[in-house]
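Shown here is one chain on its own, the form predicted alone, set out as C-alpha cells.
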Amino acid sequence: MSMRAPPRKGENFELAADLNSEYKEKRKDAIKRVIANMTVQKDVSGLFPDVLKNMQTDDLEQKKLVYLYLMNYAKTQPELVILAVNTFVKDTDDPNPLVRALAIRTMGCLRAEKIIDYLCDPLQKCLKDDNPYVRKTAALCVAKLYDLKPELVIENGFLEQLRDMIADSNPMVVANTVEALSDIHIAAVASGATKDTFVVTTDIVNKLLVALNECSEWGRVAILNALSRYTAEDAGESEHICERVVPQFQHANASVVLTAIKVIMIHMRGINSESLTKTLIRKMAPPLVTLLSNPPEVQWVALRNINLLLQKRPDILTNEMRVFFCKYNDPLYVKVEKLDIMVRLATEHNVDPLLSELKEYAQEVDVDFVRRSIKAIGQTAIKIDEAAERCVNVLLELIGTRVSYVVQEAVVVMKDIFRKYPSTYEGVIPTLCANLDELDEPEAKASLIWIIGEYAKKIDNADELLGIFVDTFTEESYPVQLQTLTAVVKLYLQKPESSQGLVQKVLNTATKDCDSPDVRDRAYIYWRLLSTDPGAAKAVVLAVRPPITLPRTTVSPALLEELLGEIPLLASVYHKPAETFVGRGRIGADSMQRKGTDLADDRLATQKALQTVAAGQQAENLLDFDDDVPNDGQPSGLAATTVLASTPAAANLLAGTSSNPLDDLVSIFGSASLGATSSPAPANPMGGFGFGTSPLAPAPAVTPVLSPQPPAQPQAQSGQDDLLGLF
C-alpha cells in the first residue's frame, strides 16, 4: 500500500506560524523574512493580520520593520489598517522620542483615507512636542496630510502652527517647517488657489538667516529656496541678504552652492552699488570652479548652470579658461558643455591657448567630439575678429590631414567664416575646391557649392565644378539640390556667356525630374525672374547679405531671468521652463477619468471632421485658382466629393474601431469627376528664356509654368485611385 505525502502548505503558511510563535526571537526573525520577501516583489499581503499582531513591542527594530510592512500594504488592505490606529496613537505618547517620531512619520506615509481623521490629534501633540526631532518630523507630516486632504489641514489650524514654528529655536525644525510650507504653497498654486499660503516677510527672512548656518544640506537648500522667493524692500536689505548668504559658497555640497548662487543672482538685481556687484561676481568664481572636481554627472549639471550664468554675467569666469579644458577621461556630454563654455569665455587675450587646445581635440578619435571642436574653432573666428586669421590657418592645417570627416566639417565652418568676412579669405578657396572628392555629406557639399556660387566670378572653373553636381542633381539630397540651383543661377548672372547651357539644364531637371516641391518652386521662381526681369533677378539672387554674428544668449532675456531663478533645478539644466516637461497637478483619479473621456473626445472630433467635409459640398472650391467661373454651376475639387456616411468604413471610423483610419477615410468619399483643360504648350520649352539670342531675352506674353497636359475626358475614379478626388 503506497503512502501519500502530506500536502505542502507553502512558505506563507510557515511564516504565519512563526509570526504567531510564543518566542520573541522567532517572531522577529519571521518579520525579517516577510520584509525580505516583500523586497523581492513576493506577495505577502495575506500575512497582514499576523504581522499587525507584532506591532505592540518595545523592540524598536521590530517596530520599524512592522511599520515598513504597513506602509507597503496599506493601500491593498485599508480596512485592516484601522486596527493599527490605536497602536499608532499609543506610540505618539511613548516616552522615547524616536518611537513618537516613527509613529507620526508612518501615519503620514500610509496614505489611507480611512485613517486620515485619526491622524489629526496625534499630529497636534507632536507639533508641540518638547523634542525637536519629533517636531521636525511632524512638520513634514503636515505637508503629506495637505497632499491627501487639504481642507483637513486648514480646518485644524495646522498652517498657522507651521508659521509659528518658523520661530523655533532649533534650526532643523525651522528648515523642515520651511520645506513643508513650500510644498504646501506649490500644491496650492497647482490646484488653483488664489491666496498665497506661504508669504515670506522681512521678519521670516531674518529668522531664516539666523538658522541658515546651523542646518544640514537639505535644510540649507530649503531655506535658500525660501530666500530666493523674497522680494527685498530696498537695496540695503538686498545687500544684507547677499552678505549673509555668501558664506554658503564654501559648502561642500554642490546643491547648496548652486542654490546660494541663485539667491545672490536674484538679489543682486536690487543692489545699486557697482563695486559690491563686482565683488559678489568675483566671489562666485572659486565655488563654480570647485564644482568641476565632482563626479561627471554633477560636473554636467554645474556646467549647464555655468552656461546660463555666463549668458547673464559674461565676466564671472574671465580668467578661468584653463579650468574648462577637456580631460582625456571626460565623458562626451561633459566635453560638449566645456567646449561651449570655452567659446563663451574666449577673448583676444586667451585665444591662442584656446586654439592650440581645440586643434588637439580635432585630432582625437571620437568623431562627434572632433566635429564639435572644429565647429568651436569657427565660432571663435566669428566671435573675435582679430583671431579670425589664426582660426583659418588652424582650419587649413586640419584640412591638410585629408581625414574625411575633418575636411567636411572644416568646409562647413569655412562657409560661416566667409559669411562673416566676405572677400577676406579668398585664397583659401582653391584648397577647399581641391577637396571636392572628399565630400559625401549633404551639409559639406551644400557649403562648398555655396562658396563656389558666391565667388563664381573669381573661380575660373566654377562652371566645371558646379557641372559635377548638376550631372548628379536628381541623386543628391534636397539641401544640395537647392544650393546647386541657387549657385548655378548666381554663376549665370555673373558669367552669362559661359553658363547658359548649365543653367538651362539645371532648371529643366529641377522642374521636370525633381520630386521635391521646394526645389521645383524655387526653380520656377528663378526661371520666371530670369525670363522677365534680369535686374530683379540680380537684386534678389546677388543681394548683399549682412554678416553673421555669434548670439550672446541661447534663450530670450525674459526666459533667461526665469531660468536663473530655477537654479539648480531641472529647468536650469534643460534650459527650458518647467511647464514644458513637467505635468500639472497630481496623478490620481482625476487624470484617470480624463483618460477615460479621451476616447469619447476622439470620436466626437472624428464626427465633426466628417461633418466639416460634408459641409464643403455647399462651400466654394478653395482649390480652384482660375479666374474663370465655371459655366455649368457644378461644384469641383473638395466640394465635389460625396461623403458616404452609411458605408461600413464610415461606421468604423466613427466608432473608433478602424484598423487603418486613412484607408477608411479615403473609401468614405464617393467618386468625383473632375475635368481638366490644359493651355497650349509654349514654343520655347524654357518659357521665353531666349538662350539662342541674347543672354537674358524677355519672356513672351504667355509663359506657362507647368508643363502642358493633354485634354482629359471626365471620368469616374475610385477613392483609392484619387485621394479625395482633388487631383
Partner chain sequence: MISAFFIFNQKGEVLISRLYRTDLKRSIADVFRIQVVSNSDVRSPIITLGSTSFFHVRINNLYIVAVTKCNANAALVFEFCYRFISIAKSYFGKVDEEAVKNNFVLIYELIDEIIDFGYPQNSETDTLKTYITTESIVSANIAAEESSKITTQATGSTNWRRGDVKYKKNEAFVDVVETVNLSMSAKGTVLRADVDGHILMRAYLSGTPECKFGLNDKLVIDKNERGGGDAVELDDCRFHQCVRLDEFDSTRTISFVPPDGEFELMRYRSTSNVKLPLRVIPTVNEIGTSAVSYAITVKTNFNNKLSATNVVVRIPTPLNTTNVDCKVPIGKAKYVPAENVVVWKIPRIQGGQEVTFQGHASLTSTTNRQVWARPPIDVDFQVLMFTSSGLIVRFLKVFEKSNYHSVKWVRYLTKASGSYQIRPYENRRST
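Residue numbers count along the first chain shown, from 1. None of the values given here were measured: they were computed from a predicted structure.
Same protein, other form: the form predicted in complex with the partner chain, not shown, and the subject of what follows.
Undergrad: Taking 4.5 angstroms as the heavy atom distance cut-off, pick the stretch from 117-125, 232-240, 104-112, 438-446 that is near the partner chain in the predicted bound form.
TA: After filtering at 4.5 Å, what remains is 104-112.
Undergrad: Can you pick out, from Pro247, Gly501, Pro517, Gly192, the residue that has a heavy atom within 4.5 Å of the partner chain in the predicted bound form?
TA: For this set of options, the contacting one is Pro247.
Undergrad: The partner chain isn't shown here, but in the predicted bound form which of Asn170, Thr318, Thr431, Thr486 has a heavy atom within 4.5 Å of it?
TA: Exactly one residue meets the criterion: Asn170.
Undergrad: Should the three residues Leu98, Lys283 and Ala362 be counted as contacting the partner chain in the predicted bound form, with contact defined as a heavy atom within 4.5 Å for each?
TA: Yes, all three are in contact.
Undergrad: Even though the partner isn't displayed, in the predicted bound form is Leu560 close enough to the partner chain, meaning a heavy atom within 4.5 Å?
TA: Residue-level check for Leu560: no, no contact with the partner chain.
Undergrad: Indicate whether Gly378 is a 4.5 Å heavy atom neighbour of the partner chain in the predicted bound form.
TA: Contact with the partner chain, no.
Undergrad: Verify the contact flag for Cys215: yes if a non-hydrogen atom of it lies within 4.5 Å of a non-hydrogen atom of the partner chain in the predicted bound form, no if not.
TA: Output for Cys215 is yes: heavy atoms within 4.5 Å of the partner chain.
Undergrad: Since only the chain is shown here, I'm wondering whether Asp183 would be in contact with the partner chain in the predicted bound form (any heavy atom pair within 4.5 Å).
TA: Judged by the heavy-atom cut-off of 4.5 Å, Asp183 is in contact with the partner chain in the predicted bound form.
Undergrad: Can you tell me which bits of 130-160 touch the partner chain in the predicted bound form, meaning any heavy atom within 4.5 Å?
TA: Asn131, Pro132, Tyr133, Lys136, Thr137, Leu140, Ala143, Lys144, Asp147 sit within 4.5 Å of the partner.
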